[in-house]
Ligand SMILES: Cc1cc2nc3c(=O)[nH]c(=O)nc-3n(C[C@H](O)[C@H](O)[C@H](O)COP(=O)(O)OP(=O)(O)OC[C@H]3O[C@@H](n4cnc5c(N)ncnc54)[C@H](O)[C@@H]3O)c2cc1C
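Take a look at this one chain, the form predicted alone, written out in structure tokens.
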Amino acid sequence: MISIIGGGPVGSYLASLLAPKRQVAVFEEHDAVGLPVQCTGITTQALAKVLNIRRQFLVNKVTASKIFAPNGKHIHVKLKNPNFIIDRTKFDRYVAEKAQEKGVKYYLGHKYKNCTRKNGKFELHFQDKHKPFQTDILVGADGPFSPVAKTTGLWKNRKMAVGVQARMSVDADPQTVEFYVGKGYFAWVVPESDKVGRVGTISYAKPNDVFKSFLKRRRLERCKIREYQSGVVPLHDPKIKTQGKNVYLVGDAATQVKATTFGGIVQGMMAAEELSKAILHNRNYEKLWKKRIGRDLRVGLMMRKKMDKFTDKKYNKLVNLFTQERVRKVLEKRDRDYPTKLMLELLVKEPRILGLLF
């Protein structure tokens, strides 16, 4: 028996990969899969390499992006590969339904508390008087604060960022996503349509103040807010252990998140594919996932640490360098999910970027 704590897309995707050959159970703390929403819901074409994109959860496609500097200047990038705007609730439920079709058993309203080891197995304990559950293998797909990591000796203090987002009534170009960079924050306006957008910020400190300040800057403070959403995102830490004796971490629980934009859906699902191989074929999980996505995550972390030290003046210089046609063309053809290739090409086209970073 394999037990996965967390019914998000990473946990459910892993379950669907394991189910044909192993008995799998997923334990989700909430009473419904996909709620609450704690994600912007924008992904690159890399998602299509993991699973089929369905109309039932696809909200919009964007074919361009604008990157704004603190001084208001921006670069307009036409995307060779359109980005997907997805409905996270419908997306999460779609992935879970695929897992259930393969025989995965879901236990909703089961908030993991701790576990004990008995006779070579785990006995899982849950809050609210749910019965203990025995399992051979335990997987934590349970988010940045991973209770599984904390109760199995895999926890390591990690740095967190807080995202605040609202679905708002805004006038927006439905084909263009907007990104804003500045000292201490990263922000976005992601269009669902020409009338509704997802507006948000992510920062290490004072997230609500940062969000309100951005609304004023974008002159959106009087727009109708339809729904508030927020969530915590871990900064990638390559030193965190992601496996122990019959216990594994994946997704946000393993800090498998792009440090540049704080997105992690694709990276978590790629890691889930490697974890399924490790479990089914008795291979080393850490070696597998680090070989596939480890370098890109490390490069993204390096870029984030440098960018966290940027002043607004440096961000203005960076965006100004990006306005050059030779640099813009690199941004147009390279997905941000692969920062290693992106950074190498950018440095070849414009060596002065290296001077800003170092």
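What you see is a predicted model, and the numbers here were worked out from it, not measured in a lab. Residue indices: 1-based, along the sequence shown.
The discussion below concerns the form predicted in complex with this ligand, not included here.
Proximity of residue 30 to this ligand in the predicted bound form falls within the 4.5 Å heavy atom cutoff.
Within 4.5 Å of any heavy atom of this ligand in the predicted bound form lies no heavy atom of residue 274.
Shown alone here, residue 60 lies farther than 4.5 Å from this ligand in the predicted bound form, counting heavy atoms only. Among residues of the shown chain, residue 122 is not one whose heavy atoms approach this ligand to within 4.5 Å in the predicted bound form. Although the partner is absent from the chain shown here, 11, 42 and 229 each have a heavy atom within 4.5 Å of this ligand in the predicted bound form. Checking 323-331, 22-30, 287-295, 61-69 against this ligand in the predicted bound form, the stretch whose residues place heavy atoms within 4.5 Å of it is 22-30. Interface residue among 185, 262, 155, 133 relative to this ligand in the predicted bound form, by the heavy atom within 4.5 Å criterion: 262. In the predicted bound form, the residues of 77-110 lying within 4.5 Å of this ligand by at least one heavy atom are, in order, 88, 110.
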